[in-house]
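Listed next as structure tokens is one chain, alone, in the form predicted on its own.
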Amino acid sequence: MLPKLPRDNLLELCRRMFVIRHFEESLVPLHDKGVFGGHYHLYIGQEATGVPAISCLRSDDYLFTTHRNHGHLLARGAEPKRLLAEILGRADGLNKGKGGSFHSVAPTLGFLHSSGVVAGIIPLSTGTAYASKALKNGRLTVCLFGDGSLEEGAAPEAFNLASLNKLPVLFLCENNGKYGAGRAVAAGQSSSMAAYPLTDLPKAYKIPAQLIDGIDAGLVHATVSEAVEKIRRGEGPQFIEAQTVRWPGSETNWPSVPHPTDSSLAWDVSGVQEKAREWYRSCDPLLVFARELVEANQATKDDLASMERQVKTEIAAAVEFAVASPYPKPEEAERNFFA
């Protein structure tokens, strides 16, 4: 379902989903051509979780995210060209090329840390929530992480502290179960995770926990909005598990694009290779959102096609900007240290 928002807000959510999708798809050929190296993870398939969830926050709230961070940063408003330059390790990047893909941050947008260390951000987010409560500044912290983080000891330790101190923190777990396993149940039933459902773990620490469909943008928006209101009222931490279905392009060792995204796929996926067709038909959150906009008379197919063309032009310009950006000077490596 669609979030209960004015039309302009709904279209802005859709635009940001398109930005994330085409930004992420642009990275694959750049990496394959050797423009940047190292491993990287893409956020494709989770746009209907991150975009509506982050839209529920205040501009001064704190956010922490993982190695699948590009989508979260873009949903918060990071400039695509500067984020892309950062991933390419260039001087014009968000962090002057020092963060790369896994560790890009945007403090002015509230993103204090992205980490490739599984669960590494969970205690950090609990720390900022503790500080906010002590300072009485009204700021809320959102910790965005994957289901695998719950296997690490940092998670229950942080849950315990957050619950004991009634800290203003939202733990948002994005469970991207494997394609072909229905509504993303595969990761939750992992043989390496004894707790199932995953919401049992925070509940053991008396943290209210909900399991929702992360493909349903309206449900995500409503659930996160309600959780945020409770936290701001001083009710303490909240936990939400949003289940999505992993994009087929992330099933291989290195990301690939089974089929370039186009808004027309919302109505016809016959051109998609058969093994990925069902994902694009029923599990792609961007295409689901596009169909809902049209069915609710909030947009026409032509409106969406025009929006997507503008986004593609923006991303093409971002690629050109990032590739043209110089590498940092060697002496830059010695700057911005604590000691």
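Quick note: we count residues from 1 along the sequence shown, nothing fancier. As the structure is a computational prediction, the values presented were derived from the model and not from experiment.
Omitted from view is the form predicted together with a further copy of the same chain, to which the following refers.
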* To do: Decide if the three candidate residues Gly153, Ala195 and Lys206 all line a further copy of the same chain in the model of the complex, where lining means a heavy atom within 4.5 Å.
  => yes
* Touches a further copy of the same chain in the model of the complex: Asp200 (any heavy atom, 4.5 Å) -> yes
* Looking in the model of the complex, any heavy atom of Ser163 within 4.5 Å of a further copy of the same chain? -> yes
* Asked: Is there a heavy atom of Glu157 no more than 4.5 Å from a heavy atom of a further copy of the same chain in the model of the complex?
  -> yes
* Asked: Since the chain is shown here on its own, which stretch among 263-271, 145-153, 236-244, 221-229 would lie within 4.5 Å of a further copy of the same chain in the model of the complex, judged by heavy atoms?
  -> 145-153
